[in-house]
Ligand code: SAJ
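Before any questions on how it binds or moves, here is one chain, the form predicted on its own, in C-alpha coordinates.
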(Lines give C-alpha, C1' and ligand atoms only; values in the text may rest on other atoms or scores of the structure.)
Protein backbone atom coordinates (compact mmCIF):
# COMPACT_ATOMS: atom_id res chain seq x y z
CA UNK A 1 0.00 0.00 0.00
CA UNK A 2 1.84 3.06 -1.32
CA UNK A 3 4.27 3.27 -4.26
CA UNK A 4 6.40 6.19 -3.16
CA UNK A 5 10.09 6.51 -2.38
CA UNK A 6 10.05 3.41 -0.17
CA UNK A 7 6.98 1.44 -1.25
CA UNK A 8 7.90 1.16 -4.92
CA UNK A 9 11.55 0.10 -4.39
CA UNK A 10 10.42 -2.43 -1.76
CA UNK A 11 7.85 -3.83 -4.18
CA UNK A 12 10.44 -4.08 -6.97
CA UNK A 13 13.11 -5.71 -4.79
CA UNK A 14 10.65 -8.25 -3.35
CA UNK A 15 9.35 -9.06 -6.84
CA UNK A 16 12.91 -9.42 -8.10
CA UNK A 17 13.41 -12.07 -5.40
CA UNK A 18 10.41 -14.08 -6.60
CA UNK A 19 7.56 -12.66 -4.52
CA UNK A 20 4.31 -11.96 -6.40
CA UNK A 21 3.53 -8.29 -5.73
CA UNK A 22 0.51 -6.04 -6.17
CA UNK A 23 1.58 -2.42 -5.77
CA UNK A 24 -1.29 -0.16 -4.73
CA UNK A 25 -1.33 3.63 -5.02
CA UNK A 26 -4.20 6.13 -5.06
CA UNK A 27 -2.46 8.15 -7.80
CA UNK A 28 -3.57 6.75 -11.20
CA UNK A 29 -0.53 8.30 -12.89
CA UNK A 30 1.85 6.40 -10.59
CA UNK A 31 -0.02 3.17 -11.28
CA UNK A 32 0.03 3.76 -15.03
CA UNK A 33 3.74 4.61 -15.09
CA UNK A 34 4.61 1.60 -12.92
CA UNK A 35 2.70 -0.82 -15.16
CA UNK A 36 4.47 0.71 -18.16
CA UNK A 37 7.84 0.08 -16.54
CA UNK A 38 8.58 3.77 -15.94
CA UNK A 39 10.01 4.78 -12.56
CA UNK A 40 8.36 7.95 -11.21
CA UNK A 41 11.18 8.57 -8.72
CA UNK A 42 14.94 8.93 -9.16
CA UNK A 43 16.78 5.82 -8.03
CA UNK A 44 19.84 4.62 -9.97
CA UNK A 45 19.45 1.20 -11.59
CA UNK A 46 15.90 0.67 -10.40
CA UNK A 47 13.97 1.36 -13.61
CA UNK A 48 15.64 -1.60 -15.32
CA UNK A 49 14.62 -3.81 -12.39
CA UNK A 50 11.06 -2.47 -12.58
CA UNK A 51 10.85 -3.32 -16.27
CA UNK A 52 12.10 -6.85 -15.56
CA UNK A 53 9.53 -7.61 -12.83
CA UNK A 54 6.65 -6.05 -14.78
CA UNK A 55 7.58 -8.01 -17.88
CA UNK A 56 7.87 -11.25 -15.90
CA UNK A 57 4.46 -10.64 -14.29
CA UNK A 58 5.88 -10.63 -10.77
CA UNK A 59 4.67 -7.07 -10.16
CA UNK A 60 1.65 -5.13 -11.28
CA UNK A 61 0.19 -1.91 -9.94
CA UNK A 62 -3.40 -1.03 -9.12
CA UNK A 63 -5.38 1.81 -7.58
CA UNK A 64 -7.14 -0.60 -5.22
CA UNK A 65 -6.05 -3.58 -3.09
CA UNK A 66 -6.44 -7.19 -4.16
CA UNK A 67 -6.61 -10.46 -2.23
CA UNK A 68 -3.14 -11.35 -0.94
CA UNK A 69 -1.36 -13.23 1.84
CA UNK A 70 0.58 -10.25 3.22
CA UNK A 71 -0.24 -6.54 3.36
CA UNK A 72 2.30 -3.77 3.86
CA UNK A 73 1.45 -0.17 4.76
CA UNK A 74 4.11 2.04 3.15
CA UNK A 75 2.29 5.39 3.02
CA UNK A 76 3.32 8.87 4.26
CA UNK A 77 2.91 9.91 7.88
CA UNK A 78 3.15 13.72 7.84
CA UNK A 79 2.39 16.01 10.74
CA UNK A 80 -0.53 18.39 11.07
CA UNK A 81 -1.22 21.61 12.94
CA UNK A 82 1.29 22.17 15.71
CA UNK A 83 3.58 19.30 14.68
CA UNK A 84 1.06 16.64 15.67
CA UNK A 85 1.62 13.29 13.90
CA UNK A 86 -0.95 12.43 11.24
CA UNK A 87 -1.59 8.70 10.88
CA UNK A 88 -4.68 9.17 8.70
CA UNK A 89 -2.91 7.75 5.62
CA UNK A 90 -1.93 4.62 7.54
CA UNK A 91 -5.49 4.29 8.79
CA UNK A 92 -6.96 4.82 5.31
CA UNK A 93 -4.62 2.19 3.82
CA UNK A 94 -5.47 -0.18 6.66
CA UNK A 95 -9.22 0.26 6.22
CA UNK A 96 -8.80 -0.35 2.48
CA UNK A 97 -7.33 -3.82 3.06
CA UNK A 98 -9.61 -4.91 5.94
CA UNK A 99 -12.22 -6.49 3.60
CA UNK A 100 -9.49 -8.65 2.01
CA UNK A 101 -7.92 -9.99 5.22
CA UNK A 102 -8.29 -13.67 6.04
CA UNK A 103 -7.02 -16.05 8.69
CA UNK A 104 -3.24 -16.53 8.58
CA UNK A 105 -2.50 -13.27 6.72
CA UNK A 106 0.41 -10.99 7.60
CA UNK A 107 -0.17 -7.24 8.12
CA UNK A 108 2.90 -4.98 8.50
CA UNK A 109 3.32 -1.24 8.93
CA UNK A 110 6.54 0.16 7.46
CA UNK A 111 5.49 3.82 7.63
CA UNK A 112 7.27 5.81 10.32
CA UNK A 113 4.67 6.07 13.06
CA UNK A 114 4.09 7.35 16.60
CA UNK A 115 4.43 4.83 19.39
CA UNK A 116 1.29 2.71 19.67
CA UNK A 117 0.21 3.03 16.01
CA UNK A 118 0.50 -0.70 15.34
CA UNK A 119 -1.74 -1.45 18.31
CA UNK A 120 -4.18 1.23 17.17
CA UNK A 121 -4.42 -0.27 13.68
CA UNK A 122 -4.85 -3.75 15.16
CA UNK A 123 -7.82 -2.46 17.17
CA UNK A 124 -9.35 -0.95 14.02
CA UNK A 125 -8.94 -4.25 12.17
CA UNK A 126 -10.45 -6.30 14.99
CA UNK A 127 -13.34 -3.88 15.48
CA UNK A 128 -14.25 -4.32 11.82
CA UNK A 129 -13.39 -8.02 11.63
CA UNK A 130 -13.71 -9.47 15.17
CA UNK A 131 -13.54 -13.01 13.79
CA UNK A 132 -9.87 -12.35 12.89
CA UNK A 133 -8.84 -11.60 16.49
CA UNK A 134 -5.54 -13.44 17.16
CA UNK A 135 -5.85 -15.20 13.79
CA UNK A 136 -3.71 -12.84 11.70
CA UNK A 137 -0.12 -11.70 12.22
CA UNK A 138 0.52 -8.00 12.87
CA UNK A 139 3.97 -6.37 13.03
CA UNK A 140 5.92 -3.15 12.59
CA UNK A 141 9.10 -3.01 10.49
CA UNK A 142 10.50 0.44 9.65
CA UNK A 143 12.64 1.04 6.60
CA UNK A 144 16.10 2.56 6.99
CA UNK A 145 17.46 3.24 3.52
CA UNK A 146 19.39 6.07 1.92
CA UNK A 147 17.84 7.55 -1.25
CA UNK A 148 20.24 6.96 -4.13
CA UNK A 149 21.47 3.67 -2.65
CA UNK A 150 18.16 1.91 -2.10
CA UNK A 151 18.85 -1.19 -4.22
CA UNK A 152 21.79 -2.15 -2.02
CA UNK A 153 20.42 -1.02 1.32
CA UNK A 154 16.99 -2.66 1.06
CA UNK A 155 18.77 -5.97 0.73
CA UNK A 156 21.85 -5.56 2.93
CA UNK A 157 20.76 -3.30 5.81
CA UNK A 158 19.69 -4.84 9.10
CA UNK A 159 15.98 -4.56 9.90
CA UNK A 160 14.17 -4.23 13.22
CA UNK A 161 10.95 -6.26 13.32
CA UNK A 162 8.46 -5.93 16.15
CA UNK A 163 5.31 -8.01 16.25
CA UNK A 164 2.32 -7.61 18.53
CA UNK A 165 3.29 -11.09 19.70
CA UNK A 166 6.17 -13.45 19.08
CA UNK A 167 4.26 -15.39 16.42
CA UNK A 168 3.73 -12.17 14.44
CA UNK A 169 7.42 -11.29 14.72
CA UNK A 170 8.40 -14.71 13.39
CA UNK A 171 5.88 -14.49 10.52
CA UNK A 172 7.24 -11.10 9.47
CA UNK A 173 10.83 -12.37 9.67
CA UNK A 174 9.83 -15.27 7.45
CA UNK A 175 8.65 -12.81 4.81
CA UNK A 176 11.58 -10.37 4.94
CA UNK A 177 14.15 -13.17 4.93
CA UNK A 178 13.15 -13.81 1.31
CA UNK A 179 15.08 -10.75 0.16
CA UNK A 180 16.88 -9.15 3.14
CA UNK A 181 20.46 -10.35 3.67
CA UNK A 182 21.02 -8.07 6.66
CA UNK A 183 20.27 -9.31 10.17
CA UNK A 184 16.58 -9.28 11.17
CA UNK A 185 16.41 -8.15 14.79
CA UNK A 186 13.42 -9.29 16.84
CA UNK A 187 11.60 -6.99 19.26
CA UNK A 188 8.06 -5.84 20.08
CA UNK A 189 6.01 -3.35 18.06
CA UNK A 190 6.40 -0.40 20.43
CA UNK A 191 10.17 -0.75 20.61
CA UNK A 192 10.39 -1.05 16.81
CA UNK A 193 8.28 2.11 16.41
CA UNK A 194 10.47 3.99 18.88
CA UNK A 195 13.64 2.64 17.25
CA UNK A 196 12.88 4.39 13.94
CA UNK A 197 12.05 7.64 15.71
CA UNK A 198 15.22 7.35 17.78
CA UNK A 199 17.45 6.80 14.76
CA UNK A 200 16.23 9.90 12.98
CA UNK A 201 16.10 12.04 16.14
CA UNK A 202 19.72 11.09 16.82
CA UNK A 203 20.69 12.23 13.33
CA UNK A 204 18.73 15.46 13.82
CA UNK A 205 20.60 16.23 17.06
CA UNK A 206 23.96 15.54 15.42
CA UNK A 207 23.13 17.80 12.46
CA UNK A 208 21.89 20.50 14.84
CA UNK A 209 25.30 20.50 16.54
CA UNK A 210 27.02 21.05 13.18
CA UNK A 211 24.52 23.75 12.19
CA UNK A 212 24.91 25.51 15.52
CA UNK A 213 28.69 25.44 15.05
CA UNK A 214 28.24 27.08 11.65
CA UNK A 215 26.28 29.94 13.23
CA UNK A 216 28.95 30.44 15.89
CA UNK A 217 31.81 30.28 13.36
CA UNK A 218 30.14 32.77 11.06
CA UNK A 219 29.99 35.27 13.91
CA UNK A 220 33.54 34.47 15.05
CA UNK A 221 35.07 34.71 11.57
CA UNK A 222 36.10 31.05 11.49
CA UNK A 223 35.84 28.66 8.53
CA UNK A 224 33.48 26.03 9.92
CA UNK A 225 34.49 23.44 7.32
CA UNK A 226 38.14 23.69 8.32
CA UNK A 227 37.22 23.66 12.00
CA UNK A 228 35.14 20.48 11.72
CA UNK A 229 37.85 18.78 9.65
CA UNK A 230 40.41 19.55 12.35
CA UNK A 231 38.12 18.59 15.25
CA UNK A 232 37.40 15.26 13.54
CA UNK A 233 41.10 14.40 13.72
CA UNK A 234 40.34 13.50 17.35
CA UNK A 235 39.87 9.71 17.48
CA UNK A 236 36.51 9.93 19.28
CA UNK A 237 35.00 12.98 17.53
CA UNK A 238 32.90 12.69 14.38
CA UNK A 239 31.06 15.95 13.70
CA UNK A 240 28.74 16.00 10.68
CA UNK A 241 28.78 18.67 7.98
CA UNK A 242 26.46 21.68 8.37
CA UNK A 243 23.89 22.61 5.75
CA UNK A 244 20.99 24.98 5.26
CA UNK A 245 18.71 23.03 7.60
CA UNK A 246 17.26 19.54 7.62
CA UNK A 247 14.73 18.16 5.16
CA UNK A 248 13.18 14.99 3.91
CA UNK A 249 10.27 12.99 5.20
CA UNK A 250 12.25 11.37 8.02
CA UNK A 251 14.77 13.45 9.95
CA UNK A 252 12.78 16.69 9.62
CA UNK A 253 9.54 15.00 10.72
CA UNK A 254 10.15 12.00 12.98
CA UNK A 255 11.47 13.88 16.05
CA UNK A 256 8.09 15.60 16.32
CA UNK A 257 6.50 12.18 16.83
CA UNK A 258 8.48 11.99 20.07
CA UNK A 259 8.15 15.62 21.18
CA UNK A 260 4.39 15.59 20.61
CA UNK A 261 3.87 12.63 22.95
CA UNK A 262 6.65 13.35 25.45
CA UNK A 263 7.09 17.15 25.55
CA UNK A 264 8.51 17.33 29.09
CA UNK A 265 11.09 14.61 28.51
CA UNK A 266 12.35 15.50 25.02
CA UNK A 267 14.15 18.81 25.61
CA UNK A 268 17.30 18.06 23.60
CA UNK A 269 15.33 16.61 20.70
CA UNK A 270 13.04 19.64 20.69
CA UNK A 271 15.95 22.10 20.79
CA UNK A 272 17.65 20.32 17.88
CA UNK A 273 14.50 20.71 15.80
CA UNK A 274 14.43 24.44 16.58
CA UNK A 275 18.10 24.89 15.65
CA UNK A 276 17.72 23.09 12.33
CA UNK A 277 14.56 25.01 11.47
CA UNK A 278 16.28 28.28 12.43
CA UNK A 279 19.25 27.52 10.16
CA UNK A 280 17.00 27.78 7.09
CA UNK A 281 15.65 31.14 8.31
CA UNK A 282 19.23 32.31 8.97
CA UNK A 283 20.31 31.33 5.45
CA UNK A 284 17.40 33.22 3.90
CA UNK A 285 18.34 36.33 5.89
CA UNK A 286 21.96 36.00 4.74
CA UNK A 287 20.83 35.94 1.12
CA UNK A 288 18.55 38.94 1.56
CA UNK A 289 21.33 40.92 3.24
CA UNK A 290 23.76 40.04 0.43
CA UNK A 291 21.21 41.25 -2.12
CA UNK A 292 20.78 44.54 -0.27
CA UNK A 293 24.53 45.08 0.01
CA UNK A 294 24.95 44.39 -3.72
CA UNK A 295 22.23 46.87 -4.63
CA UNK A 296 23.74 49.59 -2.41
CA UNK A 297 27.20 49.01 -3.90
CA UNK A 298 26.30 48.62 -7.59
CA UNK A 299 23.09 50.70 -7.76
CA UNK A 300 21.17 47.90 -9.43
CA UNK A 301 19.38 44.78 -8.33
CA UNK A 302 21.43 41.60 -8.45
CA UNK A 303 20.77 38.45 -10.43
CA UNK A 304 20.65 35.67 -7.83
CA UNK A 305 21.12 31.96 -8.53
CA UNK A 306 19.55 29.65 -5.94
CA UNK A 307 21.36 26.35 -6.45
CA UNK A 308 19.36 23.30 -5.40
CA UNK A 309 15.85 22.53 -4.17
CA UNK A 310 16.17 18.90 -3.05
CA UNK A 311 16.69 18.20 0.65
CA UNK A 312 19.96 16.33 0.04
CA UNK A 313 22.49 15.86 -2.79
CA UNK A 314 21.77 14.03 -6.04
CA UNK A 315 18.09 13.17 -5.52
CA UNK A 316 14.82 14.66 -6.73
CA UNK A 317 13.03 14.56 -3.35
CA UNK A 318 11.85 18.03 -2.26
CA UNK A 319 9.81 16.94 0.77
CA UNK A 320 10.33 19.23 3.79
CA UNK A 321 13.33 20.70 1.96
CA UNK A 322 14.93 23.69 3.70
CA UNK A 323 16.37 24.74 0.35
CA UNK A 324 12.87 25.06 -1.11
CA UNK A 325 11.80 27.07 1.95
CA UNK A 326 14.79 29.42 1.58
CA UNK A 327 14.11 29.99 -2.12
CA UNK A 328 10.47 30.81 -1.38
CA UNK A 329 11.44 33.25 1.40
CA UNK A 330 13.97 35.03 -0.80
CA UNK A 331 11.54 35.30 -3.72
CA UNK A 332 8.84 36.73 -1.45
CA UNK A 333 11.11 39.59 -0.44
CA UNK A 334 13.23 40.00 -3.56
CA UNK A 335 11.59 43.28 -4.59
CA UNK A 336 11.71 42.43 -8.32
CA UNK A 337 15.30 41.15 -8.33
CA UNK A 338 15.92 38.37 -10.84
CA UNK A 339 16.00 34.98 -9.08
CA UNK A 340 17.26 31.96 -11.03
CA UNK A 341 16.15 28.68 -9.45
CA UNK A 342 18.21 25.57 -10.15
CA UNK A 343 17.43 21.91 -9.49
CA UNK A 344 19.20 19.60 -11.95
CA UNK A 345 17.33 16.47 -10.76
CA UNK A 346 13.85 17.85 -11.51
CA UNK A 347 12.60 18.50 -15.04
CA UNK A 348 9.95 21.04 -14.05
CA UNK A 349 8.30 22.46 -10.94
CA UNK A 350 4.76 23.76 -10.50
CA UNK A 351 5.93 26.85 -8.55
CA UNK A 352 9.49 27.65 -9.64
CA UNK A 353 10.72 28.18 -13.17
CA UNK A 354 13.92 26.14 -13.36
CA UNK A 355 17.19 27.24 -14.98
CA UNK A 356 20.16 25.18 -16.16
CA UNK A 357 22.85 25.21 -13.48
CA UNK A 358 25.66 26.35 -15.80
CA UNK A 359 23.59 29.20 -17.23
CA UNK A 360 22.48 30.30 -13.78
CA UNK A 361 26.05 30.28 -12.45
CA UNK A 362 27.34 32.24 -15.43
CA UNK A 363 24.63 34.91 -15.31
CA UNK A 364 24.30 35.41 -11.56
CA UNK A 365 25.86 38.14 -9.46
CA UNK A 366 25.10 36.25 -6.25
CA UNK A 367 25.30 32.44 -6.18
CA UNK A 368 23.67 30.61 -3.27
CA UNK A 369 24.56 26.94 -2.87
CA UNK A 370 21.79 25.21 -0.94
CA UNK A 371 22.20 21.54 -1.95
CA UNK A 372 25.56 19.90 -2.71
CA UNK A 373 24.62 18.21 -5.99
CA UNK A 374 27.62 16.70 -7.79
CA UNK A 375 27.28 18.89 -10.93
CA UNK A 376 27.70 22.01 -8.77
CA UNK A 377 31.13 20.80 -7.67
CA UNK A 378 32.35 21.13 -11.26
CA UNK A 379 31.76 24.89 -11.21
CA UNK A 380 34.95 26.92 -10.63
CA UNK A 381 35.21 29.42 -7.79
CA UNK A 382 34.67 32.91 -9.23
CA UNK A 383 36.08 35.94 -7.45
CA UNK A 384 33.78 38.19 -9.50
CA UNK A 385 30.69 36.69 -7.85
CA UNK A 386 29.26 36.82 -4.37
CA UNK A 387 29.11 33.16 -3.34
CA UNK A 388 27.16 31.96 -0.33
CA UNK A 389 28.18 28.36 0.21
CA UNK A 390 25.76 26.90 2.75
CA UNK A 391 26.41 23.24 1.85
CA UNK A 392 30.18 23.02 1.50
CA UNK A 393 30.69 23.02 -2.28
CA UNK A 394 33.99 24.90 -1.89
CA UNK A 395 34.42 24.56 1.90
CA UNK A 396 34.79 28.35 2.01
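Since this is a predicted model, take the numbers as computed values, not measurements. Numbering follows the first chain given and starts at 1.
Note that the form predicted together with this ligand isn't included here; everything after this is about it.
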Selected contact from 162, 243, 302, 85, since only one has a non-hydrogen atom within 4.5 angstroms of this ligand in the model of the complex: 243
The single option of 325, 190, 288, 144 touching this ligand in the model of the complex, heavy atom within 4.5 Å: 144
Listed range touching this ligand, judged in the model of the complex by heavy atoms within 4.5 Å, from 117-125, 260-268, 174-182, 311-319: 311-319
Distance check, residue 200 to this ligand in the model of the complex, heavy atom within 4.5 Å: yes
Exercise: residue 110 in contact with this ligand in the model of the complex, heavy atom 4.5 Å: no
Touches this ligand in the model of the complex: residue 251 (any heavy atom, 4.5 Å): yes
Any non-hydrogen atom of residue 207 within 4.5 angstroms of this ligand in the model of the complex: yes
